[in-house]
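Single chain ahead, written as structure tokens, the form predicted alone.
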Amino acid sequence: MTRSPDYPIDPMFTQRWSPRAFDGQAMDDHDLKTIMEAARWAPSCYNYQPWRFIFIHREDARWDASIGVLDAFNQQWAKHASALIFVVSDTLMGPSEDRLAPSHFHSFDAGAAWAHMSLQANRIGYHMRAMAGVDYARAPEVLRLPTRFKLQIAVAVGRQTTPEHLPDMMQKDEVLTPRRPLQDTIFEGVFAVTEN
């Protein structure tokens, strides 16, 4: 399938997608940090930049423990990635450590950073797939995450390969996915969806 936008946009948006079939090759640290550098430049409320990234190369001694915080479904394919990135965000914000208050937009800002990472990865020949299938109770201990930080998502990074090593049920899904038409997504003035 090919993706055709309803309006003219940069092809990087339609070419980006999230495969599960990775080749497991070692990833150059410079490439991984280039991807995270793109995320550093994402917009954020008050320029607070609440995102943080915990990354693990597959050669790292912590790889098995990191893969182990994913659910069983995601472990089947993510073990072939070149690296994992855990996207976390600071739930507090303020002008100083003694004047902190809850942030109501840290998740939104971290999502913007993830989008930057994903687009940059594609630009340099990699793909990324985000995973919500994580043991959110156990992961903070494994990642040594301070309590004020929230784990948002885990991301597998690597070079795409053919899907033969994936379980049969995943192979059929290893295709570009469509998007609903823009007209079904945008509303002028008020939200106008009829509830069923």
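Counting begins at 1, following the sequence as shown. Computed from a predicted structure; not experimentally measured.
Heads up, the form predicted in complex with a small molecule isn't pictured, but that's what we're talking about next.
- Taken together, Trp17, Trp77 and Gly133 are fully in contact with the small molecule in the predicted complex: each brings a heavy atom within 4.5 Å.
- Of the residues Ile153, Cys45, Leu145, Ala42, just one reaches the small molecule in the predicted complex with a heavy atom at 4.5 Å or closer; this is Ile153.
- For the chain shown alone, Thr177 is a contact residue for the small molecule in the predicted complex, at least one non-hydrogen atom being within 4.5 angstroms.
- Taking the partner from the other structure, the small molecule in the predicted complex has a heavy atom within 4.5 Å of a heavy atom of Phe73.
- Under a 4.5 angstroms non-hydrogen atom cutoff, the small molecule in the predicted complex lacks Arg58 among its neighbouring residues.
- Although the partner is absent here, Trp114 is a contact residue: one of its heavy atoms lies within 4.5 angstroms of the small molecule in the predicted complex.
- Just one listed stretch, out of 32 to 40, 60 to 68, 158 to 166, 123 to 131, contacts the small molecule in the predicted complex at the 4.5 Å heavy atom level, and that stretch is 123 to 131.
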